[in-house]
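Consider the single chain below, provided in structure tokens and representing the form predicted alone.
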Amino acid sequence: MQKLNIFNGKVNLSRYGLYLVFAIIVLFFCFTNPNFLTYSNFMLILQQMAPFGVAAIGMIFVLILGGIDISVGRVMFISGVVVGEIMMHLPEGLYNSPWLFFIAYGVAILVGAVFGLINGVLVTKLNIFPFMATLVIGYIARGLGLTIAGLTKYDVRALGVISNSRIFGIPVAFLIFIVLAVIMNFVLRMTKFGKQTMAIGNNKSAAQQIGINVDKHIIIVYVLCSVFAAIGGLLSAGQISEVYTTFGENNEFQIISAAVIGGASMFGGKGNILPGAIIGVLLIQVVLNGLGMMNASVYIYSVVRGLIIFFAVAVDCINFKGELR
């Protein structure tokens, strides 16, 4: 019993210690730049975190299953490319109408669903390890996107009407993220689908024995993950007004680490969207925003992202070991 209490102390220290580290970083940014802790900058952080938050929602479902999706950043890219290509050929009247958003997001959702379906089929029907299956599909997605786009930079500033607008000073993109988070949190916690997701993540064999169609469920979750990634990709594209060759590159690691920091386990069977997804994405975006305000070198960003991923995975491993003992 004493040994268990000692280890639980380590688990709590690892969990809350991570938040303490981020708190210290925030204080550091506050002292180095007086504009960091301002209302306008906080709203900017909320706006910039929204695309990654939307994508993290889908990733949490995949992680709960005990899977992983390395293709989400590249799904963001291919979705943006396809939508950008379609927008280039739309009639001017349609381009300037509200129907543009239905077309753009409808196409993105369709593209995301296709790649999610392929991921799910590879994982379930061909029994390919999720990391490898989604890595390969991710490379295929980026290759297709580069084949379609070439060196073209797609002007998608029209999507900024949603991505950059504000209601009562609050970014619309953030409101979209919150609405989706509330809905999917309800799905995860209160519906049969959510309970089956948890059951599969905890014990796939037991889930099959009680009558859950595990393969079908896993495929649906991978489709959801890619669809949310595609939506997040369009929100991000609208914020920066263009889709280019490196768009979405390495976003998957920021999304995965945000989900893990927010409480999802890479070992499956555990995760939450509220407040998990919000906390995870917010903490990462605060750090990146602070580095930007310091005019930090672009190379530092890669170092920081790597450290964030390391700490997120380390904490997850410590917590997982604590649950086994």
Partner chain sequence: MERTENKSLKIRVMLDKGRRLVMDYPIIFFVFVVFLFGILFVPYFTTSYNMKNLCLQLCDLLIIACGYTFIELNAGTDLSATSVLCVSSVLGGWIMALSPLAAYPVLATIAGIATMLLIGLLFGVINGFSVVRLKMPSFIVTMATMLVGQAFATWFAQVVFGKNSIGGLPQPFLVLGGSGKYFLVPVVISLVMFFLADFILRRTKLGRDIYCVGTNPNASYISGINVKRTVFIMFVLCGLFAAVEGIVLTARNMAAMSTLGSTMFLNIVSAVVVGGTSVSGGFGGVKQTLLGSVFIVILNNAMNLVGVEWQTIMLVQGLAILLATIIDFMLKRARYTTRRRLAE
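For clarity, every value in this text was computed on a predicted model and none was experimentally measured. Positions refer to the first chain, counted from 1.
Quick note: we don't show the form predicted in complex with its partner chain, though the next part is all about it.
Please tell me whether the candidate spot formed by 122, 128 and 303 is one where all three residues come within 4.5 Å of its partner chain in the predicted complex (heavy atoms). Yes, the whole candidate spot contacts its partner chain.
Please name which of the stretches 168-176, 216-224, 104-112, 144-152 has residues with heavy atoms lying within 4.5 Å of its partner chain in the predicted complex. Only one stretch passes the 4.5 Å heavy-atom test: 144-152.
Heavy atom within 4.5 Å of its partner chain in the predicted complex: which of 86, 132, 117, 182 fits that? Just give me the one. Checked against the cut-off, the match is 132.
Does residue 136 make contact with its partner chain in the predicted complex, using a 4.5 Å heavy atom cut-off? Residue 136 belongs to the contact set for its partner chain.
Please run the contact check for residue 278 against its partner chain in the predicted complex: heavy atoms, 4.5 angstroms, yes or no? No - in the predicted complex, heavy atoms of residue 278 and its partner chain never come within 4.5 Å of each other.
Does the 4.5 Å heavy atom contact test between residue 250 and its partner chain in the predicted complex come out positive? Heavy-atom contact with its partner chain at 4.5 Å: present for residue 250.
Closest heavy atom of residue 314 to its partner chain in the predicted complex, within 4.5 Å or not? Heavy-atom contact with its partner chain at 4.5 Å: present for residue 314.
Could you run down 215-233 and flag each residue that has a heavy atom within 4.5 Å of its partner chain in the predicted complex? The stretch does not touch the partner at all.
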